[in-house]
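For reference, the chain that follows is the form predicted on its own, supplied as structure tokens.
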Amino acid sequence: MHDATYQGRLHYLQKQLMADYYAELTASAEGNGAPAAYLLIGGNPVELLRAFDMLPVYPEVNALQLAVKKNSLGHIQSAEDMGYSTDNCAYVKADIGMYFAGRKTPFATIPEPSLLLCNYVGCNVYLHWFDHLAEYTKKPAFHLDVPFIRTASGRPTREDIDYVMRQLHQLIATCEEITGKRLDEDKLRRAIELSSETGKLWSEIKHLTKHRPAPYDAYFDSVTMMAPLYCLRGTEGGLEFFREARDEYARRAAAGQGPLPREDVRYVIEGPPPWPYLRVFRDMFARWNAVAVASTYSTVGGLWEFGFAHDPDHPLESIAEHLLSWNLTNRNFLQRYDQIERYLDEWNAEALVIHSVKSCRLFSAGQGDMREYFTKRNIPTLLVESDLEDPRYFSEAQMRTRIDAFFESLAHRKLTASASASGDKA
């Protein structure tokens, strides 16, 4: 059963919420709003900023919005003219180019930061990004040093949690100095409560794609939900959006409604999407009636579907755990393999697609080994490459040929297996 209008309501709600958020950015840029703090998506401590009434600004989100609106290439080339290498992270180059173009974008005017909060999780390029922003803006930078997980269990040690918590106390002192306010512990607790409830709803939503058919595409439709999840986490508006999304997708799951007329293939996908060509990329899978039932990219900010929840009774400790272990970007490759294997098994998927990003070393390093690992386990695996931001690295014809060949091969494999099973019964 298929409902061609299923995206409309949630897309409309998301656009309303994000329009309000971008209006806040513009107001801050014009000196009529809250002081802005730049931070990163991966396992971030946004709840702490909300306790100081600081406005979170995400350079990654700004960069991807530039790409979606076909506005990134000029900024990338401007950064390259400044000396940034062609193989530098395209997010960084788009953001730097945009900053020197006056911070005006099709969706908002981006405010100058009062604080540059680099919650370093996994990517050393981001350290340099925020160091450069600090140099350009002449504003204070705070680097949260988040250790990699080094235990077999995949959980942080008590020493690591304490280490991050000590830095969070230092961050509180920095925010107090910048804002002239003392930490409002009631506001912090409320933000943690809202994040906890939001995370639980997001987890429920993620588990709904275990249904057949899946009620939504867990890669292309998750993008609609990821913006409120990251930009509005810890707010009443963000929580209400996820109540609406959970109810809508639960209704669709109960009614047997999927995002496509048929669900012929259930697959898992690794890596960020090519934002400048998101619709084109989606159509390449839809024409094969292929639905993503899980995606690693939708967990860059948190792994709520595997059991994490912020704890209002232990706010700083839960923020530290989120930074350390409950997000994709601070996981090693064996942990990422385990995550994908869980998706393949528990979400009943039959194939893996890896979108390797040319300018993103964090995601692309080791993905050739990842493909070999799953291929050896008899999981049909496709590796394709383009970029998440730079349109010069996307070849539509080449990408379509690779994807079509993969799904043709998968269809033949299924047909052969079915014929073999029929022969055995005979």
Partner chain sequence: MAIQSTVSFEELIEECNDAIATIDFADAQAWKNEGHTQALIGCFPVYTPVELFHAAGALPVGLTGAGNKIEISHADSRFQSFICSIIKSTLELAMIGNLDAFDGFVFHSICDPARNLASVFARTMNTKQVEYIHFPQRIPSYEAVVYLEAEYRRILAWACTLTGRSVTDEDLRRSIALYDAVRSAIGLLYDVRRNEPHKLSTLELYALVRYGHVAPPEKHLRILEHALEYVRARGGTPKDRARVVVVGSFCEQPPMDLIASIEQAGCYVVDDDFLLGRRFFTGGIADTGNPLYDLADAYVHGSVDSSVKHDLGHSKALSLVQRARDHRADAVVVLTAKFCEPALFDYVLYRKALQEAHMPHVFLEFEEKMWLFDKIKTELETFVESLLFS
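Definition used throughout: the rigid core is the maximal C-alpha set that superposes within 1.5 Å between two forms. Positions refer to the first chain, counted from 1. Here the structure is a predicted model, which is why all the values come from computation and not from measurement.
What comes next is about the form predicted in complex with the partner chain, which does not appear here.
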Does the partner chain come within 4.5 Å of any heavy atom of M82 in the model of the complex? yes
Quick one: does V146 come within 4.5 Å of the partner chain in the model of the complex, counting heavy atoms only? yes
Can you tell me if F394 lies within 4.5 angstroms of the partner chain in the model of the complex, counting non-hydrogen atoms only? no
Is there a heavy atom of S359 lying 4.5 Å or less from a heavy atom of the partner chain in the model of the complex? yes
Counting only non-hydrogen atoms, choose the one of 164-172, 193-201, 256-264, 180-188 that falls within 4.5 Å of the partner chain in the model of the complex. 164-172
Non-hydrogen atom within 4.5 Å of the partner chain in the model of the complex for each of H128, R150 and N332: yes
Do any residues of 249-280 have a non-hydrogen atom within 4.5 angstroms of the partner chain in the model of the complex? If so, which ones, in sequence order? none
For a quick test of reading the superposition: does Q170 move by 2 Å or more at the CA between this form and the one not shown, rigid core aligned? no
Residue shift check between this form and the one not shown, rigid core fit, T151 Cα at least 2 Å: yes
